[in-house]
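Just the one chain here, the form predicted on its own, laid out as structure tokens.
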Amino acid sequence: MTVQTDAYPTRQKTSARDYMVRVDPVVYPSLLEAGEGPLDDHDLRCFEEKGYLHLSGLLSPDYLATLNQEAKRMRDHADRNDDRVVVEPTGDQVRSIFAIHQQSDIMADLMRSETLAPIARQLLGGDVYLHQTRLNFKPGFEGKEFYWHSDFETWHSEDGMPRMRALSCVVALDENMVHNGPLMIVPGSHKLFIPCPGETPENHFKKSLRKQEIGVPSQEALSMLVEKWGIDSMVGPPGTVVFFDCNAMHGSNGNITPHPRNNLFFVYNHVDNRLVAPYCGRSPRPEFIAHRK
């Protein structure tokens, strides 16, 4: 019988207050020759140090208009009885739609395009697949916050992602401004793993996708990270693209402005980092949240 070792223990009955230094690379060794990938040495050093890349000019205005139209169609026709559709913790506004690459050829084409996928392959050092895809909506006046968290902490604990060899790609469909709830990242936080308190309930995703309360760091840990590294806001015009490491601490405020903030999120995972049994000991989350095929 193979014993599954846990490199990043979390969700213990007694919360660990100490952080762990990351034991996995940030930028993985590449099979590409120097200068062959889409990212130059400056880009790679920036991702290594900050845990994210903030890029512009990758998508044409016409293509962006097509993506916006498709996102609006998916939101307007979203079936609230479909498990892939998540509504806000209060009200009936659509908060997220998951597995969008399986529902839209337009979205699928973007995610496997030669514009974005090669960046993920270069950073992760080889072939990748889609671990998760979603549309996050934050409408004017009513869009609620996404509290601080490390994606990897959840993906490791609840999905069984063994190591830190995954990243998110965010495409801004609207202008992300400092006051309409943009993505915020603690630069450098990807270098430390913060264990989170609390045991994971069965079917935790049914609540956490609307409002996450388990799998979030303590205020003491967040204060330590922000005091050490500060906070960067991912602001920019429509079409801004942000790649960020799976362990980067991030979140976003609610949106009480008239300006919507709708973003595409999709997660690339290296093929050698396929999911195993969840480390929290619960049943795996559904396929539409964490793809195992």
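In this text, all values refer to a predicted model and were calculated from it rather than measured experimentally. Residue numbers here begin at 1 and follow the sequence given.
The form predicted together with another copy of the chain exists for this protein as well; it is not shown, and the discussion that follows is about that form.
Heavy atoms within 4.5 Å of another copy of the chain in the predicted bound form: which of the stretches 59-67, 263-271, 230-238, 46-54 has them? Looking at the partner contacts, the answer comes out as 230-238.
Have a look at 109, 145, 127, 199 for me and say which one sits with a heavy atom within 4.5 Å of another copy of the chain in the predicted bound form. Going through each option in turn, the one that passes is 145.
Residue among 192, 184, 71, 99 with a heavy atom within 4.5 Å of another copy of the chain in the predicted bound form: Of the candidates 192, 184, 71, 99, 184 is the one lying within 4.5 Å of another copy of the chain in the predicted bound form.
So, a 4.5 angstroms cut-off on heavy atom distances: do all three of 169, 243 and 247 pass it with respect to another copy of the chain in the predicted bound form? Not a single residue of the candidate spot has a heavy atom within 4.5 Å of another copy of the chain in the predicted bound form.
Can you tell me whether residue 251 touches another copy of the chain? I mean in the predicted bound form, with a 4.5 angstroms heavy atom cut-off. Result yes; residue 251 sits at the interface with another copy of the chain in the predicted bound form.
Taking another copy of the chain as it sits in the predicted bound form, is residue 219 in contact with it (heavy atom to heavy atom, 4.5 Å or less)? Although another copy of the chain is absent here, residue 219 would touch it in the predicted bound form, with heavy atoms inside 4.5 Å.
Is residue 258 near another copy of the chain? Define near as a heavy atom within 4.5 Å, in the predicted bound form. Yes, contact at 4.5 Å.
Please run the contact check for residue 226 against another copy of the chain in the predicted bound form: heavy atoms, 4.5 angstroms, yes or no? Flag for residue 226 set to yes.
Given a 4.5 Å distance limit between heavy atoms, list every residue of 171-190 close to another copy of the chain in the predicted bound form, or none if there are none. 178, 179, 184, in sequence order.
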